[in-house]
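Same chain, two versions here, written out as structure tokens and called structure 1 and structure 2.
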Structure 1
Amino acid sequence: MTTSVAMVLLILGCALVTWIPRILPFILVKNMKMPKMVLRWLAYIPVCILSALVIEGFFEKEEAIVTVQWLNIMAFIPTLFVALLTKSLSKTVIAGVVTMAGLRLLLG
């Protein structure tokens, strides 16, 4: 595979298009003093995003039926305890991976 100038420009353009929406909000609000109500509301966004990602994994749609993924829920519970007790992302991820691996080994 050869690399052409057009391909390099395309990659740079894609990087720029990806970078601008991530950086632009920081630049725009960098010097703004935001009301406390907005800051309090913004504090909930990471929790909401994480909850949406985690809870989405509890269910799987099979044609017209939604099924519960019990294996994911069983792995979630000890992982949640590790997260609450340690407040460490790396320990939480390791606990989740080990728990899911153990459950898949035992339950298939």
Structure 2
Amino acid sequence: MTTSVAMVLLILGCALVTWIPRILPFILVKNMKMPKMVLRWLAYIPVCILSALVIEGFFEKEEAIVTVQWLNIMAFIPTLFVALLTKSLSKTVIAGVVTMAGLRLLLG
């Protein structure tokens, strides 16, 4: 149960930058409208960032070459399948974890 001043400051910094985007629209929406262009751009952010985060695990840089992480891709396929079928966050998480654990056990 320990922490440091530097760590608390870092967490507070992260808290601030996650808080501002959450509350800003609630404060501003009464008074002003966002430019249409910005809204159109923002509309792509969820799909882009989520796919980027998933795809990040497909690759890894080893020395000079970016290689494909086949284990992650093998775990991804059933996880995606469960997500598409169930549209459920919890079931997908459980499927992903179980698949990954199984794959590591098999390929050890």
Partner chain sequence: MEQIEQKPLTPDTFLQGIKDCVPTLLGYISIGLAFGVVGIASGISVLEVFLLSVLVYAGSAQFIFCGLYLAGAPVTAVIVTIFIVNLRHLLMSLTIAPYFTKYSTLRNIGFGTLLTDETFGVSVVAAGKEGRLGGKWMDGLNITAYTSWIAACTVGGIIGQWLPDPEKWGLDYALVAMFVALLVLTLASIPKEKLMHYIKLIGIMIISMYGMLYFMPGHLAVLLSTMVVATIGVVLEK
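Along the sequence of structure 1, residues get numbers from 1 upward. Basically, rigid core = biggest C-alpha set you can superpose within 1.5 Å across the two forms. Everything numeric here is computed off the predicted structure, so don't read it as measured data.
J.: Which one here is the form predicted alone?
T.: Comparing the pair, one sees that structure 1 is the form predicted alone and the remaining one is not.
J.: For A101, state whether the C-alpha moves by 2 Å or more between structure 1 and structure 2 after rigid core superposition.
T.: Comparing the forms between structure 1 and structure 2, which are aligned on their rigid core, A101 does not shift its C-alpha by 2 Å or more.
J.: Rigid core superposed, CA of I20 - does it shift 2 Å or more between structure 1 and structure 2?
T.: Result for I20: yes, a 2 Å-plus shift.
J.: Any chance the CA of I11 moves 2 angstroms or more between structure 1 and structure 2, core superposed?
T.: For I11, whose C-alpha is compared between structure 1 and structure 2 after core superposition, the shift is 2 Å or more.
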